[in-house]
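First, one chain by itself in structure tokens, the form predicted on its own.
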């Protein structure tokens, strides 16, 4: 055998891959995958059991005539949805919800902005102002509702007692259909504006001070700086606050149910309460599920619209 043949065979033997070298990274990746799925398994179980399954089963229920009495569990197709779209009570409660969303979102955004701007100018004892603004948000809805029910009492409430000193007649804050929703909005404003206030304050304090210094050198006053620097810099925060507030207002239930129970005459009943009463008072679980999915579609539509607007602004 020639020396060239021997050297060629030797090189082939040396360059032949060792099985252990290939198996090492593959085995390591396999172990990493197993470890990852092990850590994710508890969350996935809860996600499937408490989110995915209820959504799927709820949609299936909306296609049946299921009742709390156990009668008529058979599939009836989209009959519940057809009935819901022709239900005047559902449309009225949905209108009340949209009305509450509109008249509550605007002041909850504007008042929070004003509160944050006033505190951002450097008031003394800022910790006290922050605490006083945010503290109501920590209260339970039951506490807030009982507090305002007492304040709104037509005969003994502090608000009517104060107004009577100026010769203003007593107002049925929670008994007048024209005033009841606004009364709930005032209570909601006092209760939840602190959260939006903190978001605005944090955003304002993150604006570089150099912007204001340069504007001052150019002769811009406080108002010009606010409208030309502060507000444009707060645009992403404002979009986020508006979205969160709209979603929260669309799901309103607690304070309305505790303060007026949807009255007077159904003038404040939100769609969530209508779903609750249809399912657990009227015993029609399938029909209430159909209404809830119609309402769910509305929330998804609002969220998608906001996402499109936000994406265009950032583009």
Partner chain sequence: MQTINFWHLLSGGDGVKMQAMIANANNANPGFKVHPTVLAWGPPYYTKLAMASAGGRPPEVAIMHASRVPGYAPGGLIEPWDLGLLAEYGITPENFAPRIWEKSQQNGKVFSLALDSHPFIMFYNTDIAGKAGLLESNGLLQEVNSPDAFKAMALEMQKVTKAHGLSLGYLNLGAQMWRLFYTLYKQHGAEIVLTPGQPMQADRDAAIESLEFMASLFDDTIAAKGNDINTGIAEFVRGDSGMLFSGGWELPTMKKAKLPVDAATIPTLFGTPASYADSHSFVLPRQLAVDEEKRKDAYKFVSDILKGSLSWAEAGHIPAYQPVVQSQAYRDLTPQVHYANAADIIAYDPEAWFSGSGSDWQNYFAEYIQNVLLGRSKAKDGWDGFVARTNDLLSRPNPV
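From a predicted model like this one, the values you see are computed outputs, not experimental measurements. Numbering follows the first chain given and starts at 1.
The next section is about a form of this same protein that is not shown, the form predicted in complex with its partner chain.
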Within 4.5 Å of its partner chain in the predicted complex by heavy atoms, the stretch out of 147-155, 104-112, 181-189, 228-236 is 147-155
- Query: Does residue 92 make contact with its partner chain in the predicted complex, using a 4.5 Å heavy atom cut-off?
  - Reply: yes
- Message: Given that its partner chain is not shown alongside this chain, does residue 280 nevertheless sit within 4.5 Å of it in the predicted complex, heavy atom to heavy atom?
- Response: yes
Inset, instruction - Report whether the minimum heavy atom distance between residue 116 and its partner chain in the predicted complex is within 4.5 Å. - result: no
*Find out whether any non-hydrogen atom of residue 68 is located within 4.5 angstroms of its partner chain in the predicted complex, and reply yes or no.*
yes
Near its partner chain in the predicted complex, with a heavy atom at 4.5 Å or closer, the residues from 160-183 are 174, 175, 176, 177
